[in-house]
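For reference, the chain that follows is the form predicted alone, supplied as structure tokens.
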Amino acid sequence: MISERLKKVILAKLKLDEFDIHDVTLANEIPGWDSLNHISIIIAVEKEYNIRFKMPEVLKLKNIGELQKLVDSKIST
């Protein structure tokens, strides 16, 4: 399940007031999420959670649920 915190970071970066994000939501299904915004979103998530992603981790992500799992794994270690 996508946390409100992660959803808030994504929506703020994309300047969206609201969008229904689920585990299976793909980046290209969210208005404004393109290759340039992808980088800004990843950086914003890193800053919000005070974590760092490795490039291979980011490249493997298939949907928002996987991003949430990656965030969860980083903050639990």
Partner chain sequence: MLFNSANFLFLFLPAVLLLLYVVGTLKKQALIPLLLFIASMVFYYQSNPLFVPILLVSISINYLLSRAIINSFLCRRNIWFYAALLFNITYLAVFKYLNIFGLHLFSLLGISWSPVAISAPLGISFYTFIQIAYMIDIYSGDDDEKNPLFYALFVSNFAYLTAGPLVRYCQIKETLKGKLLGILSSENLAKGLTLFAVGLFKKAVIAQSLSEIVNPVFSAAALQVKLIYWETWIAVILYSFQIYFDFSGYSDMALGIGLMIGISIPWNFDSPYRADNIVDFWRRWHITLSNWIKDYLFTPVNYTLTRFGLGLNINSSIVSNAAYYGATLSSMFICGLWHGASMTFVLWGVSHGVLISINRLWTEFKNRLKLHIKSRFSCVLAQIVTFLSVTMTWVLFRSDNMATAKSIFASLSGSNGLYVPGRLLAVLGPLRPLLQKSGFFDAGNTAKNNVLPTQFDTGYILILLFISAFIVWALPNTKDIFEINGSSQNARMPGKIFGIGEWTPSIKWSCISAVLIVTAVLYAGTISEFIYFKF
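Just so it is clear, the model here is predicted, and its values are computed rather than measured. Residue numbers count along the first chain shown, from 1.
Although it is not shown, the form predicted together with its partner chain is what the next lines describe.
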Is there a heavy atom of Val58 no more than 4.5 Å from a heavy atom of its partner chain in the predicted bound form? yes
Is Ile42 a contact residue for its partner chain in the predicted bound form, using a 4.5 Å heavy atom cut-off? yes
Flag Glu46 as yes or no: does it have a non-hydrogen atom within 4.5 angstroms of any non-hydrogen atom of its partner chain in the predicted bound form? yes
Three residues, Arg5, Lys8 and Ser73; all within 4.5 Å of its partner chain in the predicted bound form via heavy atoms? no
